[in-house]
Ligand code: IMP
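Single chain ahead, written as structure tokens, the form predicted on its own.
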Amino acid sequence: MLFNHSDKIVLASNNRGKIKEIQHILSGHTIITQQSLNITEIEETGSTFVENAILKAKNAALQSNLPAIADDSGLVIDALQGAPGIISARYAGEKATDIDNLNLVLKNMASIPDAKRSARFICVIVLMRHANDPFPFIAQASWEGKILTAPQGSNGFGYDPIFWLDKENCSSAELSPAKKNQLSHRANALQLLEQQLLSHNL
């Protein structure tokens, strides 16, 4: 079963920052949150961003009987062997706040010299037309940067205040929301997804 722009798509996330970005970038579609449908979140038991995104999209599609979109994303730091990676949202513990996670990264990076602070944000977006969709749409993108030694800026969310962008000469948290929605890993993944949908006349 395919869908069109008039169909509702459930967004399998309770993260306000992600919800706002995704609804803005996919403004041509009717995006509703899983929270508005009282969908129970599923445990992210996958070992990769792709696996977790599929788990979340399938769960939302199953409970809502609607097409579902899920994002799994995180910060990958070379000096920390890819951490925080798929546990970016709970790096400092299950109940951790954005500040807790950010501070733990800074602590673990304290002895790392500037030349070895390379990192990237990763985003995988999965769209399933229904819970048993055998061929979901998958788009993935990355955003290169490096880790600062202290937070800068108050925009964005998550690790944005410590993610430095050489080309912009500022942190991700110092970008305007509009600029971030042009440059970010999530923006690029969503644009790739939109291209796939258009190529299938969806």
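A residue's number is simply how far along the shown sequence it sits, counting from 1. None of these values were measured; they are calculated from a predicted model.
A second form of this protein, the form predicted in complex with the ligand, is not displayed here; the remarks below concern that form.
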| property | result |
| --- | --- |
| Heavy atom of each of 29, 58 and 129 within 4.5 Å of the ligand in the predicted bound form | no |
| Contact test in the predicted bound form: residue 89 vs the ligand, heavy atoms, 4.5 Å | yes |
| Contact of residue 15 with the ligand in the predicted bound form (heavy atom, 4.5 Å) | yes |
| The ligand contact in the predicted bound form: residue 160, any heavy atom under 4.5 Å | yes |
| Residue 144 within 4.5 Å of the ligand in the predicted bound form, heavy atoms | no |
| In the predicted bound form, residues of 171 to 202 near the ligand [heavy atom within 4.5 Å] | 180, 185, 186 |
